[in-house]
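Below you'll find only one chain, the form predicted on its own, shown as structure tokens.
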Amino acid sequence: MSALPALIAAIRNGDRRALARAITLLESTRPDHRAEAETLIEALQPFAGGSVRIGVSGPPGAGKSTFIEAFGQAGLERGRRIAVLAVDPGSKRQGGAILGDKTRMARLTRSPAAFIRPSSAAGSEGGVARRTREAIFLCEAAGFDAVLVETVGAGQSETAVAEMVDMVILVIPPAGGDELQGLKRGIVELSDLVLINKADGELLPLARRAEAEYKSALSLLRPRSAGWHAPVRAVSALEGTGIAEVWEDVERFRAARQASGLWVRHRAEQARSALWSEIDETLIRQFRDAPRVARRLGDVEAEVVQGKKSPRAAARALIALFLGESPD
């Protein structure tokens, strides 16, 4: 605990190494680290909230990292400070990230006005890491005014990112027809901007066709919010084509949401969602750690697996043990 005041001060001064240490503390599962992380968040939360939070999603191979580097560079040229929370697929056994976004965003990494943090998504759902929401707060407290959250892009539950960012950008490769049908509808409906990446060279005609198809498809969906119809734009992160216009889309989106009051209401709903997420996680952890439950859990699980007890009855019995009540 004695080192926390110095860590807090360093983060407020924009120290990127201190920010990285703080996020490591957030992600730790040690009880003492959890307590320190809670103190850290409480101390820095008053300084959070000033950034635009952008989720970047899309299927593997869409070029999300290449887009983020080009987009981040364009942001730096506009005088922004850019933080990137890159969520990599991780091993459920080891928990480590298996891809290194710092190696894929080499130019952005070198800028003192940028911060890139890869984290593992192992053990969490929704395409984001377990503590991404709080990591956003820390980045904001460190003075970064744009926080980009790159999701895994490798599953059906990518939509959790929408519950912690202001705007969702969907990056997809040039494709159409069957590929268009294969993209999960949930993330498309939650997207505020759709980018057809790799619109260059031989892929340019295909990208233009995909752009037209997505515009047609989105016209059939109900807008995520009143007053904003998600634009579809063909871009080339490799060549930089259309990237500056994406920043203009971000500014237009922010202005529209703030004017309507949706910006503030959306963040309030996110805070409520975060509260219940924390309640769920804390109760599950305390339930598993409770001695009375721990003593019986293995036997009860075996009874369920062997078909001797229904999952509902087993759950009710274990919860009764946890609460110190009679199973009946």
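Model, not experiment: these values are computed from the prediction. In this text, rigid core is short for the largest set of C-alphas that superpose within 1.5 Å between two forms. Position 1 is the first residue in the sequence shown; the rest follow in order.
Another form exists, predicted together with another copy of the chain; not displayed. Remarks below refer to it.
Put simply, Ala62 is far from another copy of the chain in the predicted bound form: not one heavy atom of it is within 4.5 Å. Contact annotation for Val305: at least one heavy atom lies within 4.5 Å of another copy of the chain in the predicted bound form.
Put simply, Ile279 is close to another copy of the chain in the predicted bound form: some heavy atom of it is within 4.5 Å. Taking the partner from elsewhere, Glu38 is found to have a heavy atom lying within 4.5 Å of another copy of the chain in the predicted bound form. With another copy of the chain left out of view, the stretch that reaches within 4.5 Å of it through heavy atoms in the predicted bound form is, among 132-140, 73-81, 166-174, 238-246, 132-140.
Residues Arg34, Ala37, Glu38, Ile41, Glu42, Gln45, Pro46 are the members of 27-54 with a non-hydrogen atom no more than 4.5 angstroms from another copy of the chain in the predicted bound form. The Cα position of Ala313 differs by 2 Å or more between the shown form and the other one after fitting on the rigid core.
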